[in-house]
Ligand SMILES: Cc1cc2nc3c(=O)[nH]c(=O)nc-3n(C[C@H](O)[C@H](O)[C@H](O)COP(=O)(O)O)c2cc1C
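The form predicted alone is given below as one chain in structure tokens.
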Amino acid sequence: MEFLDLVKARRSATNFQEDVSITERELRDIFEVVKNHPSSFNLQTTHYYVATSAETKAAVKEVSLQQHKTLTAAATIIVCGDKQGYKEAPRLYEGMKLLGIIDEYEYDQTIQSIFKLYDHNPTMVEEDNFRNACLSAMLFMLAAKDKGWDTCPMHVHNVDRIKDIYHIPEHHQPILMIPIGKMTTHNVRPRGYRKPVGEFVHFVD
């Protein structure tokens, strides 16, 4: 699908067709695209937890204000940020050093800068986790639509219960929930009002 058509075609699904399944291979194909998303210092701190079983999705519905789409979706996904993700910087940059893309000095300076910014600074860690996760999630939704799947970004309610259901470790912070499936085609609402460019773009010089 052409990019402009893709952007216009993607919309938040109000509900999903029941009994539509998605395979791990189909999800992996989407995530192969998602791995190219931008992130602060290229730290790639976003993690995805995927539930496809009826039992797990039913449990998610119970703690998510009984929102039916979490159950009818082919998969209900939790997007998380890794509070300790910056600590992987030495491993992530090691390959660039070995390939000669950066030298030893640049490697050391980069690692020092990353740890200076994030170490003992949980507010910065959290803020960048949100930025990174939102950039990644938008690419996930576009990649999914390109492969014929519909999505809906949602708030994560009852975070502690969600972490239990998905076996999410303490250092992974739930940020978004994204059900994915095939949108129901009956009673589709017209797209909501979109502000004209002049209302949200401000040229300052």
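Each residue number is its position in the shown sequence, starting from 1. Remember, predicted model here, so these are calculated numbers, not experimental data.
What comes next is about the form predicted together with the named molecule, which does not appear here.
- The three residues H37, T45 and L139 each lack any heavy atom within 4.5 Å of the named molecule in the predicted complex.
- Within 4.5 Å of any heavy atom of the named molecule in the predicted complex lies no heavy atom of K182.
- At least one heavy atom of R194 is located within 4.5 Å of the named molecule in the predicted complex.
- Although the partner is absent here, Q67 sits close enough that one of its heavy atoms falls within 4.5 Å of the named molecule in the predicted complex.
- Contact annotation for S12: at least one heavy atom lies within 4.5 Å of the named molecule in the predicted complex.
- Shown without its partner, this chain lists H171, R28, K147, H155 as candidates; in the predicted complex, only H155 has a non-hydrogen atom within 4.5 angstroms of the named molecule.
- Only one segment in the set 80-88, 67-75, 118-126, 99-107 has residues whose heavy atoms sit within 4.5 Å of the named molecule in the predicted complex; it is 67-75.
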